[in-house]
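As a starting point, one isolated chain is supplied in structure tokens, in the form predicted alone.
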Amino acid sequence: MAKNIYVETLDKTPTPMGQYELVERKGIGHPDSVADALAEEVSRALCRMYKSEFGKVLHHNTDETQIVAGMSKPAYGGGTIVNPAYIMLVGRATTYVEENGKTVSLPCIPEALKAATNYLRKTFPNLDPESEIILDAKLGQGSDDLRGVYQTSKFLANDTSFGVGYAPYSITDRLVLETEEYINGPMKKKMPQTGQDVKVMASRVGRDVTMTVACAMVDKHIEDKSAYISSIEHLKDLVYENALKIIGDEDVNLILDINTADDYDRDVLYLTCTGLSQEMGDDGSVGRGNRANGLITPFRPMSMEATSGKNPITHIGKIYNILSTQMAEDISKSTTPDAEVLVRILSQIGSPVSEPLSCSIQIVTENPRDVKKWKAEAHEIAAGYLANIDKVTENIISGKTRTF
């Protein structure tokens, strides 16, 4: 049986059954999410290049991407970008290797710029990455000590750090996550005037959920203030209708508010040229937004580690946050829907990633005696994930795993 896996009960009320809950998601167009996405796209591009050239992923971390907001002049029917937003792709990478006594330089920066440009073009249809973004990259060689720890054959942890996860999602979690995914997914066909910069916040007091949505609107699709107001009303109707589908038979009373900062009397509206607030006023950084499960959850365990952009081979800040989330999800399937599973995994630098210093699994339930019958299976599930940790890496590189 695997060592250092500890399963216990926790004497507290499961979060979904508590009196108060707070959940947030920064949508794919939020500057922090854009930074996360670009950092991850660059990491994946480097992984592909390294595997193509050398058959393995070389050392890199691209988790320091920064976005500096530009300036715009939105207008009904279409405004203009005055100053482009500035995006700096920052990190460490293996920029050269020594082969047969010669130094071979690798095109890390061109690969990074290409990956970032492709993502921006594919994801944000109202943005012209050629003229409305200044894209730059600074990827330098990593330090000798961390490159020394990085050995793909041994999968040694590059840091003494931890990852956390929980399951299952509460109804508040699902409302927040699935609302943003709906607005930035199926709803776009019905309302192209909605941008990708969407933020969803929900607070639950008892069974009353107040969900606040901020959604950037695209000026070229809106002819005047009346059309803007009509669009917001239509957006609210569609989001509310979709939210009711998410709620289903749950005993939840939903209050929905959209773009509450708007002041129609003073013509203060959330109107943009690109559907992104980074065009004027909002900067962005990797790790300041959603955790690895796509949410910001102050009532659940969270890690401050940025997940996106870190290398998927040895960087605990990435691997353990994703692993603990997946582990918690699987363990929760063997319990009851009312039980809350909390997972925290701690590494020790230089030790195998598959052998954490500790793996804590806490099961929160109204009947603690039930944990005895779940304990062995929870331990087995955790041990199985650790024994096959390379599959977590494979899914990250292939883009099958969410990082924000």
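So that there is no doubt, residue numbering starts at 1 and follows the sequence shown. Source: prediction; values computed, not measured.
Although it is not shown, the form predicted in complex with a further copy of the same chain is what the next lines describe.
Fill in: Full three-residue contact with a further copy of the same chain in the predicted bound form, heavy atom 4.5 Å, for Asn83, Lys114 and Thr117
Verified in the predicted bound form; spot residues all in contact, yes.
Worksheet item: Is Glu130 one of the residues lying within 4.5 Å of a further copy of the same chain in the predicted bound form, judged by heavy atom distances?
Response: Judged by the heavy-atom cut-off of 4.5 Å, Glu130 is in contact with a further copy of the same chain in the predicted bound form.
Discussion item. How about Lys225 - does it come within 4.5 Å of a further copy of the same chain in the predicted bound form, if we only consider non-hydrogen atoms?
Written reply: The answer is no: Lys225 has no heavy atom within 4.5 Å of a further copy of the same chain.
Worksheet item: Does the 4.5 Å heavy atom contact test between Lys73 and a further copy of the same chain in the predicted bound form come out positive?
Response: Contact with a further copy of the same chain, yes.
Fill in: Partner contact for Arg121 in the predicted bound form: a further copy of the same chain, 4.5 angstroms, heavy atom
Taking the distances in the predicted bound form, the answer for Arg121 is yes, it comes within 4.5 Å of a further copy of the same chain.
Practice prompt. Answer with one of Gly77, Gly206, Gly248, Pro298: the residue that has a non-hydrogen atom within 4.5 Å of a further copy of the same chain in the predicted bound form.
Written response: Filtering the options by heavy-atom distance leaves Pro298.
Fill in: Interface residue in the predicted bound form among Ile171, Ile316, Val90, Ile183, criterion: non-hydrogen atom within 4.5 angstroms of a further copy of the same chain
It is Val90 that has a heavy atom within 4.5 Å of the partner.
Item to complete: Choose from 40-48, 371-379, 59-67, 333-341 the stretch whose residues reach within 4.5 Å of a further copy of the same chain in the predicted bound form, heavy atoms counted.
Response: It is 59-67 that comes within 4.5 Å of the partner.
Worksheet item: Hey, which residues along 218-251 are within 4.5 angstroms of a further copy of the same chain in the predicted bound form, non-hydrogen atoms only?
Response: Nothing in this stretch is in contact.
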